[in-house]
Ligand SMILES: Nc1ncnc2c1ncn2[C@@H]1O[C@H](COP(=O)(O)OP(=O)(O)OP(=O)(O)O)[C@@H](O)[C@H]1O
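Only one chain comes next, encoded as structure tokens, the form predicted on its own.
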């Protein structure tokens, strides 16, 4: 009832169906714990309170028994390890689109779906957007995370092994990894009609043998006004990284045509023998 907006005390009492004195005590206790803020008789939940509500959702469904280490902290989300009662490992992604760093990304998307709405609403929408995207993509490829559940501004994923490609780990077959990444982008574009829109070495995980394309909250369709530009940027960003880090080369325009389905094959070649990029 407080999520993303100020809510008057009288409205909270009406919606809760609880005695006013009990509500006043509860609000005071939440305020002491810095879970809500208040201005006079108006109250708003802080992000930490939303995090706890989401964790309760997953705990109630036996997905979460303990919150583990911070796996990743990005420009638009935090990802924590979660342990289930069955000792399963999950990755809990909590969207943080209100961060200053994300606003720069947002300004680059002229038709952003996040304009003119609160950051809380934006986080909820991003979680829904990514959850739906991963469900669609998972039907096509195993090279994306498996989305298990969603609540509020969070998405629960099966934890994946490996590290971000930006760390330049040693790859068993860099040419094959690059081909796999471009094939996944091709399947997303041609079948699911999806463009990641922010693809780079920072949102690709690898265990050295295979790769997974993560982070899909900003995806757009081929009819988006900037679709061509975004797809080109996705492809060229990945290609530049592989040349720089692993000496693996693909013709830029042919790779773009491959992802768009205009050619059926790639010509991936190696420029040097090392499988690890320099600093």
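Values in this document were obtained by computation on a predicted structure and should not be read as measured data. Positions refer to the first chain, counted from 1.
Just so it is clear, the following notes concern the form predicted together with the named molecule, a form of the same protein that is not shown.
Among the residues 186, 125, 168, 75, the one placing a heavy atom within 4.5 Å of the named molecule in the predicted complex is 75. Between the options 152, 129, 138, 164, the residue in contact with the named molecule in the predicted complex by a heavy atom within 4.5 angstroms is 164. The named molecule in the predicted complex comes within 4.5 Å of a heavy atom belonging to residue 202. Looking at residue 160, you'd find a heavy atom of it within 4.5 angstroms of the named molecule in the predicted complex. Contact annotation: residue 71 falls within 4.5 Å of the named molecule in the predicted complex, judged by heavy atom distances.
The named molecule in the predicted complex comes within 4.5 Å of no heavy atom belonging to residue 231. With the partner left out here, the named molecule still marks one of 25 to 33, 209 to 217, 56 to 64, 240 to 248 in the predicted complex; by a 4.5 Å heavy atom cut-off that stretch is 209 to 217.
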